[in-house]
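Form predicted on its own, single chain, as structure tokens, below.
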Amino acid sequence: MSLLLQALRRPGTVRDLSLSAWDRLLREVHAHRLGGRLSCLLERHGVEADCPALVGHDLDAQRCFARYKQSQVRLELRKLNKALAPVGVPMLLLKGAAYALADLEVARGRDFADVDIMVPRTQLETAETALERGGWLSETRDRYDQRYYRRWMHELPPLHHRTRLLEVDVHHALLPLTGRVRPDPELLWAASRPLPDSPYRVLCPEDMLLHSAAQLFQDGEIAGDLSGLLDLHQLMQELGDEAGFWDRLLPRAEQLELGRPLYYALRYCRRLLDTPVPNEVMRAAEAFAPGQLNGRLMDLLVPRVLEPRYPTRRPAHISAWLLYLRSHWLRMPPGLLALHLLRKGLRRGSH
């Protein structure tokens, strides 16, 4: 097991690390952009003071950078609300933005690459027009890419404000319109919760976890996304303390057609991060498990691409490639997928 996984599972183990082991651990941390989160985790378990001084400085710097990125997120959300509220478009916060504004533990030390929001599909055109007037523009110029997003995906092409760097992803659904699984957005809106003293809404706890699971195991390529698995681990730890959460989770997963990604989330969080999933929940989730062959293949591939591999083992290129193909297979029907991959291959060849 990698040093980073050991530290995430059992923070107290870092007390016994040599300087050379710390060097290897920090390389794994930097590769996965988890320095701020590891710093907060060590602090919460009372072992931060036991770190070597230079290590402490490194982790503190990454935690400060994470706080800076979160301040950028909050600023971007205020600007987005200023653009959308006058035209009556509500905002449902997703992923990191939701974690931060809801003040969840999973947001502590978390890095941010973008801001994810959802708006009603019936108001998508109104929202896009308002955002364009406010200075958010798409940098996706290729006609095919524009069509790819607008006809087949669950979000607009990524937007950037002309005076700020943070990417904004405007969703109207959780998963691609051409995907094999398409949770009903109206169910998500109906169960969503308003944030106190705020113009924003967030998904209910079960949907928040299910979205994170779908993001990693249904819509994502999985490879290298240890941060996504850590999101799931920390959400289960925190949200699982809410009364009735585990009882509601599996029926909700079935209602939203997200039982399979939930099964994978529970299985690999338990396996890699030792997440305290109740035994009866894990047994019930077996109803969503894949066939024996697919299950064995996932058990072979997923740990190889999620566990940090620096520097002692060769990168899991073949495993990552197979899971990349799987992500596209789940995202598109076969004919459309073949044309899409052919076009992408020809484009790479021309470059």
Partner chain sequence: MLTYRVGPFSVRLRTPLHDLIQLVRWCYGTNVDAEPRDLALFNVAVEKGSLSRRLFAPQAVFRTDSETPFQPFPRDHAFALLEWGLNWCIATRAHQYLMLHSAALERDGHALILPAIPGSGKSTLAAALALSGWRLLSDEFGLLDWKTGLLQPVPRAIPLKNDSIEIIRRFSPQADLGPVFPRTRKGDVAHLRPDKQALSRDMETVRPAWIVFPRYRAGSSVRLTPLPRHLAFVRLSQNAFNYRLIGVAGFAAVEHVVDTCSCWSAEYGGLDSILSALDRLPSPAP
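Positions refer to the first chain, counted from 1. It should be emphasised that the depicted structure is a prediction, and the values quoted were computed from it without experimental measurement.
FYI, the form predicted together with its partner chain isn't displayed, but the following is about it.
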Could you check which residue among Leu322, Leu54, Leu297, Ala284 gets a heavy atom within 4.5 Å of its partner chain in the predicted complex? Leu54
Just one of His45, Arg326, His30, Arg309 has a heavy atom within 4.5 angstroms of its partner chain in the predicted complex, so which one? His30
Counting only non-hydrogen atoms, choose the one of 37-45, 59-67, 298-306, 285-293 that falls within 4.5 Å of its partner chain in the predicted complex. 59-67
Taking heavy atoms only, is Leu19 within 4.5 angstroms of its partner chain in the predicted complex? yes
Ala316, heavy atom within 4.5 angstroms of its partner chain in the predicted complex: no
